[in-house]
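In structure tokens, the next block holds one chain alone, the form predicted on its own.
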Amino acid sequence: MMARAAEVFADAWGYGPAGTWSAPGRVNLIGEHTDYTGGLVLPFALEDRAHVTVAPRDDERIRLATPDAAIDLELAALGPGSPPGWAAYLAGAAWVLREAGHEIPGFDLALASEVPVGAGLSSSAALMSATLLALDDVHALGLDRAALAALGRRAENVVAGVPCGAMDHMASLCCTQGHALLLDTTTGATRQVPLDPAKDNLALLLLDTGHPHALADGRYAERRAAIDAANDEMALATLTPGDVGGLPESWTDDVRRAAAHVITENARVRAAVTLLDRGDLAGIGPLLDASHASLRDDLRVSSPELDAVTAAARGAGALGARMTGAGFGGSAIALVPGDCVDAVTRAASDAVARARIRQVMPSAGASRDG
């Protein structure tokens, strides 16, 4: 795919780029809808990557190309809601860098990505992270990975109009191979937590339902608003499951249930990290199941397809399974004994006809590749 990005660049612009950069999609092992409340998340990077080839220009033009489309923009025209669609994640990187005071000029960029779109795997963060890393490199800005991730989040919030939290861009930029990234979104502190399923004859299966989610359709924003309302009144990251019964009676049922999910999900992340530090990956299975139940019943961001593939996986021998990502479609993750991989794959495929099942391994974050 790296070579494909270079081919697209040459075909579109008739010369060679200054280099090639890539960034991965991610799977969140556990810790869903907690990152924008100052909570804990535990994602790992996928092998799937978005590749960009970039060359700087000496004017204010941005030319973007994919294998299927091209667009020509002016830096001055960038801003909230402009450009729309896929270009927002590429041009948005330039907008946010300039907003932060980095007077970068225009550039030519070509993209070739293997991160599935709409599968809940942060394909948009992969595009944004690869582009930010490329522009930082080309212009020797010297920004660290956490700073680039913060810029990526702002660009996605403002230019693309998606109210995402801190996790996706941090995962894409900061994960390391063979680890999950524990991120405390209050302090920004991170720790690489060993995650090597093969060592214990286990497998992590990605269950892509084939039913894409759409974060811009309003339902994500509604759930986010309920969580924000609770978090504005009580810092949810400071509460424990024992506090759930004492949530204000004045809150609506939606707000109370959303808050309960966030509070209990943070506790599940802590418990999962404790087990992983002990080398007990199998022990996190019940935590994955409990996370899915909370997302389904309290936050109500699951879907019939996500419920079907996770139930089928458990019935065929998975130790635990949960939806991953913002919800309303997309993918789930299942922890499976090595000798049950085929059975779980068949069961999940039978449960949802369009499902695509594959084994995934914790991989490296964004990099310059050439």
Ligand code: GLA
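A quick note: this is a predicted structure, and the numbers were derived from the prediction, not measured. The numbering used is simple: start at 1 and walk along the sequence shown.
The form predicted in complex with alpha-D-galactopyranose (GLA) is left out here; the points below concern that form.
> Wondering, does residue 330 line up within 4.5 Å of alpha-D-galactopyranose (GLA) in the model of the complex on heavy atoms?
Output for residue 330 is no: heavy atoms all beyond 4.5 Å of alpha-D-galactopyranose (GLA).
> Is the gap between residue 320 and alpha-D-galactopyranose (GLA) in the model of the complex 4.5 Å or less for some heavy atom pair?
Because no heavy atom of residue 320 falls inside 4.5 Å of alpha-D-galactopyranose (GLA) in the model of the complex, the answer is no.
> Answer yes if any heavy atom of residue 195 is within 4.5 Å of a heavy atom of alpha-D-galactopyranose (GLA) in the model of the complex; otherwise answer no.
It does not: once alpha-D-galactopyranose (GLA) is placed as it appears in the model of the complex, residue 195 has no heavy atom within 4.5 Å of it.
> Looking at the partner-bound form in the model of the complex, is residue 220 within 4.5 Å of alpha-D-galactopyranose (GLA) by any heavy atom?
Looking in the model of the complex, residue contacts with alpha-D-galactopyranose (GLA) include residue 220, since a heavy atom lies within 4.5 Å.
> State the residue from 165, 210, 283, 106 whose non-hydrogen atoms include one within 4.5 Å of alpha-D-galactopyranose (GLA) in the model of the complex.
So the residue touching alpha-D-galactopyranose (GLA) in the model of the complex, by this definition, is 165.
> Among 304-312, 66-74, 45-53, 321-329, which stretch has residues with heavy atoms no more than 4.5 Å from alpha-D-galactopyranose (GLA) in the model of the complex?
Comparing against alpha-D-galactopyranose (GLA) in the model of the complex, the contact stretch is 321-329.
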